[in-house]
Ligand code: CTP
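Presented below, as structure tokens, is a lone chain in the form predicted on its own.
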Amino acid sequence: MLKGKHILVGVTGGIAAYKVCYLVRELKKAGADVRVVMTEAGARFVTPLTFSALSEHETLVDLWADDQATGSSIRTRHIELALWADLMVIAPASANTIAKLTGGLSDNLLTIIALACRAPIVLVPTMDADMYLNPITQKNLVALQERGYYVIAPEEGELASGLVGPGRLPEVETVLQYIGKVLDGSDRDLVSRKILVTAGPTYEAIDPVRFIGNRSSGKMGFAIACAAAMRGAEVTLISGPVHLETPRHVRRINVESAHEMYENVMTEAKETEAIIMAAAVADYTPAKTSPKKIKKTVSGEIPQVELRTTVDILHTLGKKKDGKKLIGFALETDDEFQHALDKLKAKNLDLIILNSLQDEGAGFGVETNVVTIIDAAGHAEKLPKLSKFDVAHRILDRVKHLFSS
């Protein structure tokens, strides 16, 4: 699977840079054509000459130097390498480089190439445990995954600082297998599957200024949409009002109210094989919307807002599934499992994803989630606290199983 492939290896500053020598050697032995680009910090740990000898190509470090081996000029080299690569792997990926990629900062040859690269990019974060576990680094890694980067989690063990924890570069064989998996598409186990995902809150207008809403950030639904697209699915994402980037290769439809969500879901559901309703759709909406802002009176009289129920989208879908797989979410504050089970049965779902506001690391606006996946037979799988992106993949693993059952 690696024979004849163009692999671009990016090396950043970290003690684990020496292990990447073995990675380059194994890639070459497997038949890959390997080019190496380093940051100046990376070149302080291992000399460019070492990688040149192993890759049989000039190792590139200087952003402004012409490529003597190919004749490329500084004007085109980054574009040529970005187009040349079948895959780019950055190992070790330092906290600094990860932060630069997250912000789109391109101040060295490696980050410029990564920004221009059309091929899959695999990050191997390697650093001291406290740096890796820092909330900023974790948030950056989640953001990059949501944009379609692949991330190999570091291994735990003794680190260069003498501390013990996550941050070690995985074994070369682990990285090779991961690269091969990405290249041969074996991770794309949902190719051509049509999946509809909903995300975010809905806003129910009281007047042109005020609305009834909820605290949903949309992050869980967007993570599912991104993960499904990375696994090859044809994804449509219907989102309420959120400030999140559209994941790569995802078709997005923006809505505001529960009624708009209902209309778009019912339209898109006709051509869909699985529907994952992660949106927090309002249960109630004002019976009447004032065309003008409701003014505060001098007397302090409090206006009365009459509510009516919104259409239950999940229940409507569950009444006529036509072979579609239907997955719902339940955010509960008490008697969680029973309420989720009742919802699963009442709405004829194939799976329901339960999370509780009582669990630390779950709920609104955070990067992690703690969920329990419950199937139609009532069997429950409680997951540990994971990033929402990892939770998304665990949910999609179950969706894949539904397709094959």
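What you see is a predicted model; the values in this text were computed from it and never measured. Residue indices: 1-based, along the sequence shown.
FYI, the form predicted in complex with cytidine-5'-triphosphate isn't displayed, but the following is about it.
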Check R193, I195 and R248: does every one of them have a heavy atom within 4.5 Å of cytidine-5'-triphosphate in the predicted complex?
-> no
Within 4.5 Å of cytidine-5'-triphosphate in the predicted complex, heavy atom basis, the matching stretch of 146 to 154, 307 to 315, 110 to 118, 223 to 231 is 307 to 315
Interface check vs cytidine-5'-triphosphate in the predicted complex: of D187, E263, E80, D283, the one with a heavy atom inside 4.5 Å is D283
With the partner omitted here, the residue among V235, A279, M88, I98 that in the predicted complex has a heavy atom within 4.5 Å of cytidine-5'-triphosphate is A279
query: Looking at the partner-bound form in the predicted complex, is V255 within 4.5 Å of cytidine-5'-triphosphate by any heavy atom?
result: no
Interface membership of L331, cytidine-5'-triphosphate in the predicted complex, 4.5 Å heavy atom rule: yes
